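Before any questions on how it binds or moves, here is one chain, the form predicted on its own, in structure tokens.
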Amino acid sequence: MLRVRDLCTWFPIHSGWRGRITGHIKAVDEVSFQVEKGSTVGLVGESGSGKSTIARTLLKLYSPGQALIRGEAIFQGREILALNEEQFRPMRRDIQMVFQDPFGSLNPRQSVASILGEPLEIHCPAMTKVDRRDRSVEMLKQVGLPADAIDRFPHEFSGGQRQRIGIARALAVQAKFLILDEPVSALDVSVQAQIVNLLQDLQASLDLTYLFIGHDLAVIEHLCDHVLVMHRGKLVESGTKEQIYGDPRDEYTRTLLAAASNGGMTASLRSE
């Protein structure tokens, strides 16, 4: 589904009154990995390790000049980093993102009908308004929300319900590949389990592929097939979850696992 080779995302450092570039912050530096169709790959690391930067780079959320991006990302046989926005726009239907904050990622002034209908209007212009509404109701039911939620606004829902709406929005256009940027870290523990179970059910029924970014190693172990460990912009270890959790090779990975087992995860890892 996705093959990333030598990905670099460097942010320029400006100095002087002319704003001359004097260096770069290497947020992601020569990272390579692949995501097989139908699998879930976990991306873990502490705050500032580059996890979310990888997600935003793959989705081309950085404007020209905002970051120096090198390497290649081949999605379903096509290199996407070299594409301009117009060329990449049709591919946004296949690659969607679920954001960390279910409160900030939904426009409070839009109804659920508008939130779910907007991507359909952009990517499926042949659909009528009635078609878009029917599709939105179908997606709400698929993520475990009632049909009458369609005319309500984000403030009327709990955090877990809002995240379900975010997932429905990502899937409304029939995306094949979801980048999940810490989708449960802002939720209560009991709600986290519900969302994780929902993601697993959706993956099985819709044949989805996930890149799951997280800092909770228990969630990563439960959900993911393959695990990537990031540290200071570098990929320090990768392998199956059995390899990473059973026989970690890198000292940093062992430190993360020790922190988790000792209950120090909250102190040592924070969401980006």
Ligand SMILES: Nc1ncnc2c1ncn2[C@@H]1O[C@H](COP(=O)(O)OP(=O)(O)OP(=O)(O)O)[C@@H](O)[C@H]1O
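Keep in mind that what you see is a predicted model, and the values were worked out from it rather than measured. Start at 1 with the first residue shown and count on from there.
One more form of this protein exists, namely the form predicted together with the named molecule; it is left out here, but the text below deals with it.
Taken together, the three residues Q34, T209 and D225 lack any non-hydrogen atom within 4.5 angstroms of the named molecule in the model of the complex.
Put simply, V41 is far from the named molecule in the model of the complex: not one heavy atom of it is within 4.5 Å. Among heavy atoms of F11, some come within 4.5 Å of the named molecule in the model of the complex. Using a 4.5 angstroms limit between non-hydrogen atoms, G48 touches the named molecule in the model of the complex. Taking non-hydrogen atoms only, Q66 approaches the named molecule to within 4.5 angstroms in the model of the complex. This chain appears without its partner; in the model of the complex, the one residue of I220, L58, A27, L235 with a heavy atom within 4.5 Å of the named molecule is A27.
In the model of the complex, E182 is the single residue of 146-184 with at least one heavy atom within 4.5 Å of the named molecule.
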